[in-house]
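Here's a solo chain for you in structure tokens, the form predicted alone.
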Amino acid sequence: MRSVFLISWREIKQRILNRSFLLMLLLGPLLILSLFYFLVQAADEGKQQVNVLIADPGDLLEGIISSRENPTVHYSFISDYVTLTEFKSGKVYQDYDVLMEVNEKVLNNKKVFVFYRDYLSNTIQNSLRFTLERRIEEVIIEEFSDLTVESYRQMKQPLNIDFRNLENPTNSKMGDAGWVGYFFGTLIILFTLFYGMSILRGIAREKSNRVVEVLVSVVSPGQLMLGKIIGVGISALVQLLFWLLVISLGLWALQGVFFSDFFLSESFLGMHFSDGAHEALQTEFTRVRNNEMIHLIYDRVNLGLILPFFFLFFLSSYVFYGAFFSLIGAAMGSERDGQVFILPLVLLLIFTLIAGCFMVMNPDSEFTAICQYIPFTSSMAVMVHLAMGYAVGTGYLIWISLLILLFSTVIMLWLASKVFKRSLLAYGHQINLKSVFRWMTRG
């Protein structure tokens, strides 16, 4: 065990003291925070001036929407139903950017659908929301002349306005939380690829300059392989932990400096309110400053649940792929050899990234379900599914995926150690499947 520790420490020092490692230690999280910032700003952009068609077949609003004219929003009324197909393709509707459906049921279910052609800015969405809310409240007050406590509460309930794209009116593919899981899955894949290639290049380089001959005179090939995997893995974990720490501090700083308008101030949070008033204040403020990216990053995702599984799957996936890269590095006859084996492994990791996008868009598909149990793709599939939420009673599937990955990792380490032991001191050969299989099966 002491030999494994010494090899690991040697690998850690080589990487942590490297200038490129220190550079990426700082630049990586700053680039990710910059991406978060621009995504939040992009979520607050959109069409700034719109023409709105209000379909009011029951004439509930009586052709009135507001006593004050808004220069950025122009309203028109039609006392009839308008289908999405008609609004999308009909010539008479092409001058309108938004279709707002107000039917007779709105007084009871507080539900209004707003269909837009181009994405609406946060300002426009809020203007539409509160203008219509005020008008609906006026209609309710006129409708219920003798107000009771129940009707008063009903009047004060917030109106549920659902903004939907004409190209996706059912919101069938709105898996925003899945992209957070995709982000964590991408971190696993990219760190595995980068540090896996580091293992391979290190073994190939030491084999080419005959350093391994000195090393194996002191430690066994199995200890050398394990020491390299552990040492490089600890370096990867140090960088990853530092990244997450800086990103967490950065998000906290962004919340207080650049995104403060989207959060209640500490002075309000520290005040004493009656029962339920605090929650009502928070709900109302959230509706006023609605930004999907802010809501997604700070509220919707349970990081306390995701992060533990993220580290479990990161470590398991890294060791699983690290064994592959060690096998290829030891089996290479020269430093330039082995490209035929490296390419499929890299393509497999890239395929996992591409498949992750499909998983976000189709979380309930059979393909996504199968990917949870395949060691090569399980880390991405579980991260995406975990961010979007497992159905009640299906959380055990995470542990099944993890156990399959761990079992596959043990098998891969065993096979890689056999190849490592028999091929490390072999030179001048051309790597091929036949020789690799022979090294694996030789007793």
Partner chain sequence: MIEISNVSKSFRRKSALINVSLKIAKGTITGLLGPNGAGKTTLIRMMNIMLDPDEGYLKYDGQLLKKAHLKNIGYLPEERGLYPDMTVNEQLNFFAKLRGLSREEAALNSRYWIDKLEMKEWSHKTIQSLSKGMAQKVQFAVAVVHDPEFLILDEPLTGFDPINVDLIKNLLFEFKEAGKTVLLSTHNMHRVQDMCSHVALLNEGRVVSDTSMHALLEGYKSDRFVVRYRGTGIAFANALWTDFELAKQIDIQEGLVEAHLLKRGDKSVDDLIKNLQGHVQIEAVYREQPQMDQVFMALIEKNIIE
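Residue numbers count along the first chain shown, from 1. This structure is a prediction, so every number in the text was calculated from the model and none was measured.
Below: the form predicted in complex with its partner chain, not depicted.
Can any non-hydrogen atom of Cys357 be found within 4.5 angstroms of its partner chain in the predicted bound form? Flag for Cys357 set to no.
Considering only heavy atoms, tell me if Lys105 and its partner chain come within 4.5 Å of each other in the predicted bound form. No, Lys105 is distant from the partner.
Please determine whether Leu241 contacts its partner chain in the predicted bound form, using a 4.5 Å cut-off between heavy atoms. Residue-level check for Leu241: no, no contact with its partner chain.
For Asp95, is any heavy atom within 4.5 Å of its partner chain in the predicted bound form, or not? No, Asp95 is distant from the partner.
Would Asp56, Leu60 and Met100 all count as contacting its partner chain in the predicted bound form, using a 4.5 Å heavy atom cut-off? Contact check failed for every one of Asp56, Leu60 and Met100.
Just to confirm, with a 4.5 Å cut-off on non-hydrogen atoms, which of Leu305, Leu84, Val246, Val216 contacts its partner chain in the predicted bound form? By the 4.5 Å criterion, the partner-contacting residue is Val216.
For the chain seen here without its partner, which of 218-226, 188-196, 123-131, 349-357 has a heavy atom within 4.5 Å of its partner chain in the predicted bound form? That would be stretch 218-226.
Going by its partner chain in the predicted bound form, which residues of 1-37 come within 4.5 Å of it through any heavy atom? Residues within 4.5 Å: Arg2, Ser3, Leu6, Ile7, Arg10, Gln14.
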